[in-house]
Ligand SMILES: C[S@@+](CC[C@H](N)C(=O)[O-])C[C@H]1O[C@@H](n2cnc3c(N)ncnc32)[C@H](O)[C@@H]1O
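Okay, so here's just one chain, in structure tokens, the form predicted alone.
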Amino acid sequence: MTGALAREPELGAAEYKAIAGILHDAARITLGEGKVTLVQSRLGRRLRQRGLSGFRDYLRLVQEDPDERSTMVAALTTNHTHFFRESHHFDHFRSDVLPELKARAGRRPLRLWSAGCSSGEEVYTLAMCLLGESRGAAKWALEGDVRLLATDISPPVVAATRQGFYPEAATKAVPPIYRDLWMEEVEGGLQMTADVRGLVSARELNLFGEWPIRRRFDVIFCRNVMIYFDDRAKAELERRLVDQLQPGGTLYIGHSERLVGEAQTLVRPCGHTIYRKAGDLP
């Protein structure tokens, strides 16, 4: 074991600083002190896969190869989520927002966005809340112009979202009535049914890059994403998110996050880390 540990590439202070700079430039993520072990572990795998002996060689590769740079950023992105995480948001969605969406169904397209979707538990929780507790009650959404967008900077988790497959243990928080209706047993676990997956478009997106998005959203979930950004980056992203909402649209952020900057003046709080944009839904 000692010999194996000795052969692991060592991440020096200069290399760590350079990696942190690349991550901030690419995704505005602030990599603070104390993350050396995490970075060394996650990128050590890439070194082995690319046949490199040290982090200096890896940094040269990242600087020369845009694809490897993107892979590095994705590898250092934290993807932790679970079904019905921070459940008060979904309670509010069902009680306060969903009736308004149903009232507008058929009059115009309805759009919802999970920004920083990780492996999809959030967007599929939202989809199940939208569809409800019977297939009859779900017809308005399944047969209407209703779509959910799920985006993340990491290609592997976007692929996982498209697949919509989860080990059985990961679905324990899903109410049985939802699980019976909107999930099906497959080898090794459960998969979201085809009609639920059909509501969701999963796409790779850097929140600080271009947004090739044509429509405004009725609902945006961007939770536990901004904890990795400094206040300047938070203010920029929050303003863009609010601008992307319909008048009267609802923004949900993480329980430990807060609005900063100009976005605060454009919304009103309507629950814990829940905000409604000024105006009425069209």
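Quick note: we count residues from 1 along the sequence shown, nothing fancier. Just so it is clear, the model here is predicted, and its values are computed rather than measured.
What comes next is about the form predicted together with the named molecule, which does not appear here.
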Flag Leu241 as yes or no: does it have a non-hydrogen atom within 4.5 angstroms of any non-hydrogen atom of the named molecule in the predicted bound form? no
Check Arg85 for me: does it contact the named molecule in the predicted bound form (non-hydrogen atoms, 4.5 angstroms)? yes
Please check if Ser201 has a heavy atom lying within 4.5 Å of any heavy atom of the named molecule in the predicted bound form. no
Quick one: is Ala138 in contact with the named molecule in the predicted bound form, heavy atoms, 4.5 Å cut-off? no
Contact stretch among 162-170, 185-193, 113-121, 129-137 - heavy atom within 4.5 Å of the named molecule in the predicted bound form: 113-121
Of Leu181, Val146, Leu98, Leu205, the only residue with a heavy atom within 4.5 Å of the named molecule in the predicted bound form is Leu205
Of the options Val62, Ala233, Leu31, Ala27, which one has a non-hydrogen atom that comes within 4.5 Å of the named molecule in the predicted bound form? Ala27
Taking the named molecule in the predicted bound form, which residues along 210-228 bring a heavy atom to within 4.5 Å of it? Arg223, Asn224, Val225, Tyr228
